[in-house]
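Just one chain follows, in the form predicted alone, and it is written as structure tokens.
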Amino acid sequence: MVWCVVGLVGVAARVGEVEYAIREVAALAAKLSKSGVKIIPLNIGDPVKFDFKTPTYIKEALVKAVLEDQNMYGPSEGLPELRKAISERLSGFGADIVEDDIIITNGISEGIQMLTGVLVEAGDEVLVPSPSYPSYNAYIRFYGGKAVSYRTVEEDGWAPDIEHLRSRVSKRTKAVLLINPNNPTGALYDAKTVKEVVQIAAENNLILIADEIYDEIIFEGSFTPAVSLAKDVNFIGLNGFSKAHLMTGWRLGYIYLKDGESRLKEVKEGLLRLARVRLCPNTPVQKAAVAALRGSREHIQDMVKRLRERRDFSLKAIEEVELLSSTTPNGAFYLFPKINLKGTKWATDKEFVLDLLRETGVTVVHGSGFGEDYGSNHFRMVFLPPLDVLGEAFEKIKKFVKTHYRS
């Protein structure tokens, strides 16, 4: 007889540091849904879950690629024709980015993981805006680095506090991250702000990383591509097809590099090594992405028009809810309302969000999940649903607050 001891299998300690507030709230919502609770999902930035559909010509390009047996492995760095199309798009920003400086990824999330895996070693610091998209903080910590937050100012439309950013630079700082338009706040940075961040990177010989996935979803003002101002800065950009091209579940993004002082050669080689390890991006989807870049932009114009209406409706509704206030986002499709918790039963924004979900089914994400220092006492919500769904959600929020709070 053979005896064995059955116990828990240990996992790497670094996994315990990984958190992603957006999906963690979604897990509770899924559990409640199974028990019969009607869920109104305002937590995940997926327009295709609502009434924004992938354009027909992009879907047809995917089907055509599959039917023509374009189903094989492709180059690890991505199909040449897609990288060429991206290079042409970037040239419109005044950026001389050649095909060889572009690497296709399975969604921008894989790009974040690959980039932090190449750049970050134990003890390295990366300057990250707060509030910020949580994947950056998670992966920086996962690889042994430290995400050092710099303040964005709510009273200034969540623009970066440039002096605070400058004060956060240390001998260990390796890169500075700019997310524009911003997730979770929807802030759109003007050219002056972008230029100031670029200058800080240049003065301190830092790599500038720009996440610009929402660059075509703009309501007021104009988008300033960071690469257009990064003349002598070592620059790495991230973008993708999920948002503007309504290809969220297709998982396709890209990284591009502009080597200001010949410091990115090893970074590029490291990215290519990781690209080879994961084999290649989805081949048929890349074919469809070429069509997306070279096809009509009418669906983007229509989406922005409808989103602007839904944003304005949501802002007006927030004004009518006691305890809540919000800045006006000029890009993306997020609101980041402030919750006045003083005098309420909730000690934290997370308690507020979880109680709201349990009692009403309205699913938003606690602001502290995007950075406890400057995201606390807020929540993030999307304004993607049709007006009737948004109206129902805000009625539930208003009733929820009235039930628990009396001024």
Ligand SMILES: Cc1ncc(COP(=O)(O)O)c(C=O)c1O
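Each residue number is its position in the shown sequence, starting from 1. Quantities reported herein were computed from a predicted structural model and do not represent experimental measurements.
Below: the form predicted in complex with the named molecule, not depicted.
Asks: Are all three residues I179, R251 and Y334 in contact with the named molecule in the predicted complex, where contact means a non-hydrogen atom within 4.5 Å?
Replies: Checking in the predicted complex: I179, R251 and Y334 are all within 4.5 Å of the named molecule.
Asks: Counting any non-hydrogen atom inside 4.5 Å, which residue from F223, Y133, Y139, Y256 sits next to the named molecule in the predicted complex?
Replies: Checked against the cut-off, the match is Y133.
Asks: Between the options Q113, T173, S242, T193, which residue brings a heavy atom to within 4.5 Å of the named molecule in the predicted complex?
Replies: If I apply the 4.5 Å criterion carefully, the residue I get is S242.
Asks: Examine N204 and determine whether its closest non-hydrogen atom to the named molecule in the predicted complex is within 4.5 angstroms.
Replies: So N204 does not count as contacting the named molecule.
Asks: At 4.5 Å between heavy atoms, is I108 in contact with the named molecule in the predicted complex?
Replies: Result yes; I108 sits at the interface with the named molecule in the predicted complex.
Asks: Since only the chain is shown here, I'm wondering whether T152 would be in contact with the named molecule in the predicted complex (any heavy atom pair within 4.5 Å).
Replies: Close contact is absent here: in the predicted complex, T152 is far from the named molecule, nothing within 4.5 Å, heavy atoms only.
Asks: State yes or no: in the predicted complex, is some non-hydrogen atom of Y214 no more than 4.5 angstroms from a non-hydrogen atom of the named molecule?
Replies: Yes - in the predicted complex, heavy atoms of Y214 and the named molecule come within 4.5 Å of each other.
Asks: Of 276 to 284, 293 to 301, 205 to 213, 78 to 86, which is the one stretch near the named molecule in the predicted complex, taking non-hydrogen atoms within 4.5 angstroms as near?
Replies: Checking each option against the 4.5 Å cut-off leaves 205 to 213.
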